[in-house]
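Take a look at this single chain in structure tokens; it is the form predicted alone.
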């Protein structure tokens, strides 16, 4: 009975079009922020009321006839087979109604496809599972993926309440930025399977089809952030490729264009990094770009996505692996178009020294760049660790000093894997918060950080004694832990010396 009452209430609200009820019951179309979306809303309301009046008229006549001409009142059914006048009436009236509906509908459809006199053009390409945007008039080009907070919360067993993540599954790392009151032409295509680009506030959606170009246009009336998502079932991560459009005033948009172009003109960073830095940064890139298919622990999905753990490709020639990632193969996209040389170097080095692998080599951004350009065939072999700098360890530090220094070291060296709040990444990097290692004996944690384990590099080689002591002390007295002890730089130096003497 309760459900029947709720249904009756919803139908009543819909029939009378109560504006205040739309937000609560979401029974009507949204009006959006473009002229097209408002025209479609008006068309929808026009057709709705035509249907309502037809329904009221038909059912009123029907119920009147049933009630006043029932058998109990002595009425006898008339016996006739045709009536030319009635047949003409019930043919002409519906025809006129359909014509009256077709005229505004046709006008709206023509308006939707009218891309003439566009002031700028943007190409949108769907990938599994991200969006590629290219501003054809300014040369700006980037990929847009699910934001890190949503990506972390969506993982099974992450321990993160999705309700605590702002705009969960509807936020991205790089939004599409457009100017207001500007006619923008969109060109839609896809690289792998059919996707569908949909932002409700714009008033339409368009399929992105491999080998085919679809067109649409928009002109946003007011500044704001407008969210949407892929609406075509495009694979296992279909629900994790949102769309965010930020509309700006023309002056603000031009400032964004100038800054973005200036950043692109600088080109990618090609500086060498220590293997530990490559591995740490590569872990975050792997989670963002690769874990959906190859899984968080590198185990893959049998029969669909190969495992990276103990993979002959990953354990084999690093140049061959780099070329495979650059060019793609089968369902694997060409990451040479998505990631810059430094990011590629980081994620490749991580796969070879994490996920259960321990090849021990690394590749630098310059080597990746050479392979991308085809100008050289570099041998990307093992890279020597840069030894930790010598520091003065004679002066003991206070707990407060160690924690302050340790927080900075943790953010730079550890947070991309163990997360800024110490929550870790399920299946890959264990949580620091509540960790049995961190809350256990100090010397056991020191030994682990000193020598490394699995994907975790040996920080004894790359951190000086002060940084090492500080970050260990910080993990034991922050990030939800409160052990209360500390490690001094002199103790670290002694341990390093004892290890070197063995």
Partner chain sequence: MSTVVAEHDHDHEHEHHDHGPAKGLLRWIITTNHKDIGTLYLWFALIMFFVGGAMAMVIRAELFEPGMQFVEPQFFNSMTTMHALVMVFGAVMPAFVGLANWMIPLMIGAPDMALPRMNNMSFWLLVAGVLLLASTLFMEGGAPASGWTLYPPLVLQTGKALPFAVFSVHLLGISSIMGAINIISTIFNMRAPGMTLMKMPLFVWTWLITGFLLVAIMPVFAGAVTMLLTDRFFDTSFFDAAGGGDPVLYQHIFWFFGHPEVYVMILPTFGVASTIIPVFARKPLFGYSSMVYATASIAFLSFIVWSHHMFTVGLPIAGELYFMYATMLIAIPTGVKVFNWTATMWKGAMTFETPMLFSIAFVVLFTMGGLTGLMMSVAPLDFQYHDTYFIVAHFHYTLVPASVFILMAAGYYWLPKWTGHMYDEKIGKLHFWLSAISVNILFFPQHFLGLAGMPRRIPDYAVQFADWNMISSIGGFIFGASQLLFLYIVIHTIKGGTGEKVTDEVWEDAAKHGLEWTLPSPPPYHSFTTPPTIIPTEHH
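Positions refer to the first chain, counted from 1. What we label the rigid core is the largest C-alpha set whose atoms superpose within 1.5 Å from one form to the other. Keep in mind that this is a model prediction, so the values were computed, not measured.
Here the subject shifts to the form predicted together with the partner chain, a form of this protein not shown in this document.
J.: Just one of 272-280, 255-263, 310-318, 109-117 has residues with a heavy atom within 4.5 Å of the partner chain in the predicted bound form, so point it out.
T.: Looking at the other structure, the answer is 109-117.
J.: Using a 4.5 Å heavy atom cut-off, state whether residue 192 contacts the partner chain in the predicted bound form.
T.: Contact check for residue 192: yes, within 4.5 Å of the partner chain in the predicted bound form.
J.: Is there a heavy atom of residue 424 lying 4.5 Å or less from a heavy atom of the partner chain in the predicted bound form?
T.: Although the partner chain is absent here, residue 424 would touch it in the predicted bound form, with heavy atoms inside 4.5 Å.
J.: Mark residue 373 yes when one of its heavy atoms lies within 4.5 Å of a heavy atom of the partner chain in the predicted bound form, and no otherwise.
T.: Residue-level check for residue 373: no, no contact with the partner chain.
J.: Residue 139: heavy atom within 4.5 Å of the partner chain in the predicted bound form?
T.: Outside the cut-off, so no.
J.: Which one, 401, 249, 237, 221, lies within 4.5 Å of the partner chain in the predicted bound form by heavy atoms?
T.: Only one option qualifies, and that one is 237.
J.: Going through 123-158, which residues have a heavy atom within 4.5 Å of the partner chain in the predicted bound form? Please give them in sequence order.
T.: Heavy-atom contacts to the partner chain in the predicted bound form: 128, 154, 155, 156, 157.
J.: Align both forms on the core first, then report whether residue 330 has a C-alpha shift of 2 Å or more between this form and the one not shown.
T.: No, residue 330 moves less than 2 Å.
J.: Given a core-based superposition, decide whether the C-alpha of residue 98 shifts by 2 Å or more between this form and the one not shown.
T.: Yes, the C-alpha position differs by at least 2 Å between this form and the one not shown.
J.: Please determine whether the C-alpha atom of residue 211 is displaced by 2 Å or more between this form and the one not shown following superposition on the rigid core.
T.: No; residue 211 is a residue whose C-alpha shifts by less than 2 Å between this form and the one not shown when the cores are overlaid.
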